[in-house]
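Next comes just one chain, in structure tokens: the form predicted on its own.
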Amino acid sequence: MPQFQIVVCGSIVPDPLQTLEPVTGPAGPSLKNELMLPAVLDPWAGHALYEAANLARNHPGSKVYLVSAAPKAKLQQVMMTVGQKAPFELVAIDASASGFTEAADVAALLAGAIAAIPGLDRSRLLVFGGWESASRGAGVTMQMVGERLGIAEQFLAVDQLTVGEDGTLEVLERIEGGSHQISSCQGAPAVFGWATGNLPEPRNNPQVGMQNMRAIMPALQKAKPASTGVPSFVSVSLPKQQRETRVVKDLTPDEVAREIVAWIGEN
């Protein structure tokens, strides 16, 4: 049975239950009171982590790493919870977790951290990450990580990964029109951008959490500061709410449709 080294790329994001208001500060665009907002693991990265943990559990001898670029103080808070979900080794990068960052710079940080993992065996390497992101939704980060690592086998919008006895990989990917396609790969190395997967969020396991925290705290202490470029924005603001109501009788569906199209064109 094949053994893998599974590296999950995932950062933290503000809790989506909070009100997020963009502002422009001296360092560029950011969120209002961003340092005060409670944080969670990016939901798409969470799917990737749980799929990685399940794959490692079904292939004894495999190991999971979580590479995260985020402010280490907030990352420590999130790891107190995430560390109880699945066993992994944290590789921390002390950098901004803001969505207002350059995807190429983030990919460079992640790829560099992955390449520096001691004992990394590229013939067994699977790189997981979110197909999307609650903050860094550029849609290109995982591809650029793969390119920097020299991994050409890349699969995006993955919902399922099946590993054969000989190490071949069968991948179920989302495509346009609500359909899926099945792709195959001879084996590692490969990059996977996960959609939702098929697994529920694991229950908290205090024993796993205690085991993880023994390595998480030293990893956070060793995290090296890093910076990412900030793209230029003309402005950042909340979407404006607009509602215009007219009560009109005796219009045909075609006339209603024409008015709607005309209104959209004007706005």
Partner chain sequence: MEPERQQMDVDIVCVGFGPAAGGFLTTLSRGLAAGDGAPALESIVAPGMPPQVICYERSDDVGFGVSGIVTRARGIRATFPDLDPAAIPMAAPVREEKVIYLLDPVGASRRSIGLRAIDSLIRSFRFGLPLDHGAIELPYTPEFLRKHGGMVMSIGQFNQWVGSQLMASGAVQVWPGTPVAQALIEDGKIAGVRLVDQGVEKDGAPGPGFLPGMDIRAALTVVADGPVGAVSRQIDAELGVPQGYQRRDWAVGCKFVIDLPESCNLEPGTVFHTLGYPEPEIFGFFYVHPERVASAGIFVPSWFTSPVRTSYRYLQHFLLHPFFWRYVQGGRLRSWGAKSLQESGRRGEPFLAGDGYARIGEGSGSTNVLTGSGVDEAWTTGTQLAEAVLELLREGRSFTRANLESTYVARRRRSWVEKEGRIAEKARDGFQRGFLTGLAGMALSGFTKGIFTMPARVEEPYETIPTPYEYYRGRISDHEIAKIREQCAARCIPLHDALMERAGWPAIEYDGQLLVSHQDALLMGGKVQAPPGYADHVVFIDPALCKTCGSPVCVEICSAEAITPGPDGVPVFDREKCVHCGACLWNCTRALPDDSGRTNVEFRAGAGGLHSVEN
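Positions refer to the first chain, counted from 1. Keep in mind it's a predicted model, so treat the numbers as computed, not measured.
Below: the form predicted in complex with its partner chain, not depicted.
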* Is there a heavy atom of T24 no more than 4.5 Å from a heavy atom of its partner chain in the predicted bound form? -> no
* Asked: Does at least one non-hydrogen atom of P206 fall within 4.5 angstroms of its partner chain in the predicted bound form?
  -> yes
* Using 4.5 Å between non-hydrogen atoms, is M79 touching its partner chain in the predicted bound form? -> yes
* Asked: Does the 4.5 Å heavy atom contact test between K32 and its partner chain in the predicted bound form come out positive?
  -> yes
* Interface residues of 1 to 25 toward its partner chain, as seen in the predicted bound form [heavy atoms, 4.5 Å] -> D15, P16, L17, Q18, T19, E21
